[in-house]
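Next up: just one chain, as structure tokens, the form predicted on its own.
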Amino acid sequence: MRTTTGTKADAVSSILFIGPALLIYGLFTLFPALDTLRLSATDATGLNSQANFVGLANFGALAADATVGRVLLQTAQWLVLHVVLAGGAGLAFAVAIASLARTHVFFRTAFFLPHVVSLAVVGVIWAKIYDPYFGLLNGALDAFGLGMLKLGWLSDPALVIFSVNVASSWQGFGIYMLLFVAGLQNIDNSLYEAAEIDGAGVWQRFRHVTIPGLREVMTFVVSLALINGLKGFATIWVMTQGGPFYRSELLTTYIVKLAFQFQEQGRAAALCVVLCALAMAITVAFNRWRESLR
């Protein structure tokens, strides 16, 4: 039986180990979150101005702001594009790599490399690619005699959010690819052999063996992609800063503009609360969905 002294010593050791992590978490995560919640109920309009309590007035102002409505719709569009482009590319490359016999390690590494590049750097690279006069994309179209397809990829309001999302998805698809590769390795190969004996083609094996075998991984990837999409900021800020005419504005970029350009910290904090609530709702919904599929 353990003595009381030993139990106290274990408790002290646990506190010494956990204490610094809890202190850092409280100082840099918990305290800013609580302070943002406090600030959302004030009319703060500058770092040196006096903030008065206004209750839910900031949330009412956001509800009446037409720009916020557009930003919410564009954020939803951004999330769908990120799931389709980044998640879809991750699945496609994972399936292709899984069919390779010897070079799969090289291709896994090569396709994952963009994920370690900073989103700000990705934004700079792709802004050069999209340059309407000297960019690689329009230059390639010219070289192949497709000059009529040259577009202002970042200046066209109808194309800008798609163009920036392609850049962001290029940076992010590598992590989803690795998750799908791990999921493919857990599928029993005898299922493919049995399907092939029954005369199933490539598409039928993919539809009836691969997709069911990746069901749990897919739900996790979709939820992860949605959360990562909500954090979209650096690429858009570097490439367009929300333009043209707010057509690539997301919640995150509009929060920064409210706080530091328009000096409306109270409304910016309220929009942060909305973003946090949206992220929590997506997480809870997908966790329940994953549980229902088991």
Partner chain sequence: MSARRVREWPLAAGLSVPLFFVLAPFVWLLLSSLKSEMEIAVAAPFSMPDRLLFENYLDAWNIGGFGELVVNSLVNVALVVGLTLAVCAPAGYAFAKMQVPGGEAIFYVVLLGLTVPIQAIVIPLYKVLSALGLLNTLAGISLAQVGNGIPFGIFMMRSFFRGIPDELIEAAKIDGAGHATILLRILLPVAKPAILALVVISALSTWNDFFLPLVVLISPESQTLPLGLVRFASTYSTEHRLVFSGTVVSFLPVVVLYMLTQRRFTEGLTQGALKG
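Treat the numbers as computed from the prediction; the structure is a model and nothing was measured. Residue numbers count along the first chain shown, from 1.
Another form, the form predicted together with its partner chain, is not on view; read the next lines as being about it.
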| property | result |
| --- | --- |
| Partner proximity in the model of the complex: R108 to its partner chain, non-hydrogen atom cutoff 4.5 Å | yes |
| 4.5 Å heavy atom contact, A41 to its partner chain in the model of the complex | no |
| In the model of the complex, L27 touching its partner chain (heavy atom, 4.5 Å) | yes |
| Any non-hydrogen atom of F31 within 4.5 angstroms of its partner chain in the model of the complex | yes |
| Selected contact from A195, L72, A140, I211, since only one has a non-hydrogen atom within 4.5 angstroms of its partner chain in the model of the complex | A140 |
| Its partner chain: the contacting residue among A96, A76, V84, L159 in the model of the complex [heavy atom, 4.5 Å] | A96 |
| Partner contacts for 134-160, taking its partner chain in the model of the complex and a 4.5 Å heavy atom cut-off | F134, G135, L136, G139, A140 |
